[in-house]
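Consider the single chain below, provided in structure tokens and representing the form predicted alone.
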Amino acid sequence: MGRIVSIGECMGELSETGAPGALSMGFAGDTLNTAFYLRQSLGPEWQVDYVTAVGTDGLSDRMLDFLNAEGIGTAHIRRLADKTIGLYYITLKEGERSFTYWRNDSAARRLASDPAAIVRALENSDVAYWSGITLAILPNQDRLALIEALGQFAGRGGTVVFDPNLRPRLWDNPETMRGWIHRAAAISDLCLPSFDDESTWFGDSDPIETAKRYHAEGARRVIVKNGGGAVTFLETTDKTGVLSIPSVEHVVDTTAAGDSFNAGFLAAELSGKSIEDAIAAGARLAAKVIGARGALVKDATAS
């Protein structure tokens, strides 16, 4: 049996239902979205756990009930009596989304404030998945503690998978963001950046430059997403490739496109598929997800 630990922030998601003034309530967040699709894509021989911090209030209870109902493990989620989860409101226009957030004092900002709890959460796991958003919401000392714990996990043979998911609004300034992203890449086995973010904030001229930069920083392998364009991969400096993916004709909501690609890719690779087949699986899953409304689409798989 294998075990995957996904680390980050799950938030309450408010979205319009179509009826005037009516909103629906759900739960999402980049690393939670990937955990959700990993759980749907992997067989029962894999355990998928989520690591975060929540409050002790009713909304936090509801979130934990949701995770448990979806088969995502909650044993390593810390509960803080003086906090609650963050919220965001999603607005869609022609399939593209924008967000309004209420998260400045969310419990998840303290998810790594107990380093020993992070170490316990990583014990007996095979893969640890995290993102630049996970890193961005933490205070500096907790960022260091999380990176140290993941570095030790990697040193024991664990696989660390990192999506930079660059969100400069969460950082003090772009220079700080870039510095911490470099540190995160250095202890990650696999990086899954998105070229549009990387070209904007790191000045990369093309996806292969992005891949080579992350490899030079310490990532053993890099998969560069490019919206609906071709996916670039680098396994070693001598082994790179570009794989075209089918265009998606019907786009409803691009929320979780990258998160679901990551899940489809990882699930396929963990099942023994080649890197090319795993990229194709990630693209198929992402296409299904963006063809429906919301971050979490039930019964969406790469098959």
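Residue positions are given as counts along the sequence shown, with the first one as 1. Only a predicted model underlies this, so the values are computations on that prediction, with no experimental measurement involved.
A second form of this protein, the form predicted in complex with ligand ADP, is not displayed here; the remarks below concern that form.
In the predicted complex, ligand ADP sits within 4.5 Å of a heavy atom belonging to G227. With a 4.5 Å cutoff on heavy atoms, P246 counts as touching ligand ADP in the predicted complex. Remark: F261 counts among the residues lining ligand ADP in the predicted complex, judged by a heavy atom distance of 4.5 Å or less. Contact annotation for A286: at least one heavy atom lies within 4.5 Å of ligand ADP in the predicted complex. Three-residue candidate spot V127, A154 and V160; no residue lies within 4.5 angstroms of ligand ADP in the predicted complex by any non-hydrogen atom. Stretch-level contact check against ligand ADP in the predicted complex with heavy atoms at 4.5 Å: of 238-246, 49-57, 33-41, 266-274, the positive one is 238-246. For the candidate set I72, A149, V231, I187, a heavy atom within 4.5 Å of ligand ADP in the predicted complex is found for exactly one residue, namely V231. Shown without its partner, this chain lists A257, A28, L67, A278 as candidates; in the predicted complex, only A257 has a non-hydrogen atom within 4.5 angstroms of ligand ADP.
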